[in-house]
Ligand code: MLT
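Take a look at this single chain in structure tokens; it is the form predicted on its own.
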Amino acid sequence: MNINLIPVASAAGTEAMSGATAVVFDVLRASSTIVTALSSGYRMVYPVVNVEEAVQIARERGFCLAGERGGQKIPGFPMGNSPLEFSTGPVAGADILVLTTSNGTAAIRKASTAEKVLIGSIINARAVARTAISEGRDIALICAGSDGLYALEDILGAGFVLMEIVATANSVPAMDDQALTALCLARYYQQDPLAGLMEANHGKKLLGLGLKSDLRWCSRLNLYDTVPIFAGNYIKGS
């Protein structure tokens, strides 16, 4: 088993994911929101890149519509991209979610050429690690990034999954230098994941928007055992 890390999803090529199990990270906040929603009673999440497409799918099928741009809820959308909005379960029986975000949903779509696509975060790191190992393939850690740039919080999320892989396998698997860097970063923030999220540039942006409670939620290591799996057009939990 070899593990590679792609620090920005927009740079991911099909060769890096071919035949591999991909794990996609958008820790602040799409992947954390997806994990929370599927752990709280939502049956499926449709990750959509474009706002107009998301609106159309939700309207035609009667699904719950959610999304953000620039860290803020899209005007006219019933819900945004805070995991706390979904932690209490579906509203009025609408248990299928259409989600569009600035970076995360595009990263998930980008990873679709992998053999299997899992959604990773700090809040489900151990469960994702164990599932990725059980698949028995090489692992590609795909970090969404922020506006095409490296994002510390995604590297940190990948690092926590790597820590759990090492603990489960009781050894350090072969990994590239970028994955090794993520592992070292997670070890540094192991006692205080929230500090890492708050020091990240995107974390600081969310703090400026008054969303510290979201950062606290997204930093809760191994909160859930849910492993979201992207199955072509939608994501379901396992």
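Position 1 is the first residue in the sequence shown; the rest follow in order. Worth saying up front: this structure is predicted, and the values here are computed from it rather than measured.
What comes next is about the form predicted together with the ligand, which is not displayed.
For the candidate spot formed by R126, G159 and E164, no residue has a non-hydrogen atom within 4.5 angstroms of the ligand in the predicted bound form.
Of the candidate stretches 111 to 119, 164 to 172, 94 to 102, 134 to 142, only 94 to 102 has residues with heavy atoms within 4.5 Å of the ligand in the predicted bound form. Taking non-hydrogen atoms only, I34 never approaches the ligand to within 4.5 angstroms in the predicted bound form.
At least one heavy atom of L206 is located within 4.5 Å of the ligand in the predicted bound form. In sequence order, E68, G71 are the residues of 58 to 76 having a heavy atom within 4.5 Å of the ligand in the predicted bound form; the partner itself is omitted from this view.
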